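Single chain ahead, written as structure tokens, the form predicted alone.
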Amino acid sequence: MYNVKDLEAVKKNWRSFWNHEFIGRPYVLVTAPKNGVTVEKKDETYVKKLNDARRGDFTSAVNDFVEKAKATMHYGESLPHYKADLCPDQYAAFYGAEVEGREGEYTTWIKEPVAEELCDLDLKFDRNNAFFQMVEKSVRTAAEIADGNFIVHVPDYHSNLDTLSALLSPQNLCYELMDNPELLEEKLAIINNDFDKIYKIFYEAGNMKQTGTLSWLNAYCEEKMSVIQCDFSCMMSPEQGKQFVIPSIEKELETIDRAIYHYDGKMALCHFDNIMALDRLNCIQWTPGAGQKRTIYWMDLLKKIQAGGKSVWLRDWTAEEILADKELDPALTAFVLHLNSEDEAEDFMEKLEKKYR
């Protein structure tokens, strides 16, 4: 595997991570440029990948990644990985939503709602759906090119209520939440029941039984793993969360062995106790949201997560902040960090190891 010194040792540490065991330091996923190698910056946007896929080109983006991967060193628990997704709301596209990407922008969007009301929404997952076939082809092609040298991501599933939000618009889904809760449960059940089928198709396409699974957060697992989320929950009460959000998450957790919850925005914290009560949820990735302070300033919340028996996943701390931390339980903490050189990365790892001796 590209620039990983001891793959078996890394896998052993990941087994420890999911079991909440102390390995002598916090879990860290550190990357740095390889000495003496310069790689021309390439277009890595969703828009580029989407436009390539629509032209039938599923290799250019992967080959660009390979060039970068060969020039990137990995330390701690980091592994080389490729994200084959074509857009954040691709799950909604599997049910007929049209995806739009604008040149010069990074991400893509659902062009317009498929329907205004739930009663007009025909939810039938079809493997022959054109967008689904593009994503499947993207994952499968990447896995073939990888040939064991890197891991293809489990796709980013904006499923459950986030899919309905994309199909109807957030505003219309709010109306339906109040006016038609029984019909909402019916439609949501269709999406939730399809999750297992969709996950298994991509699991096979990405050769993940052989390679293990790796999420868009960069977390790795030798078993089936995914990042679970419900961003729409920020617009719901705790009671509505119990009725709609928690059962959806529980249904998705039935498909996988390990899971991280992408917890996005302080407005969603009203569901905190219900989310924490999910035993099969292993880790929380707290994202404060736009305009909010970085995660290091949410220490009380991070410690509360750890006190509840779950790990925290942190992507916005500096090397200095990680080395200075004395509050978080290292057995329940994972940091993602990119440094500027091999020397800097090796110095950081040496200091981190020394700190916990």
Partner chain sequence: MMSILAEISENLQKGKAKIVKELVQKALDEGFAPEQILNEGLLHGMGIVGEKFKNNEVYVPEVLVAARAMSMGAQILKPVLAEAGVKATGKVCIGTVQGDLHDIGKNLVKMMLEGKGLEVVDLGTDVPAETFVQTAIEQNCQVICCSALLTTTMNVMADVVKAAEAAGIRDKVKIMVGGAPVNQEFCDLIGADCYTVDAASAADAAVAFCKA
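Positions refer to the first chain, counted from 1. Every value quoted in this text rests on a predicted model; they were computed, and no experiment measured them.
Although it is not shown, the form predicted together with the partner chain is what the next lines describe.
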property	result
The unique member of 212, 247, 113, 238 whose heavy atoms fall within 4.5 Å of the partner chain in the model of the complex	238
The unique member of 130, 267, 189, 277 whose heavy atoms fall within 4.5 Å of the partner chain in the model of the complex	267
Residue contact check: residue 88 to the partner chain in the model of the complex, 4.5 Å heavy atom	no
is_contact(residue 120, the partner chain) in the model of the complex, heavy atom dist at most 4.5 Å	no
The partner chain contact at residue 175 in the model of the complex, heavy atom, 4.5 Å	yes
Partner contact for residue 291 in the model of the complex: the partner chain, 4.5 angstroms, heavy atom	yes
Non-hydrogen atom within 4.5 Å of the partner chain in the model of the complex for each of 109, 171 and 179	yes
Location of the partner chain contact in the model of the complex, chosen stretch of 148 to 156, 228 to 236, 196 to 204, 69 to 77 [non-hydrogen atom, 4.5 Å]	228 to 236
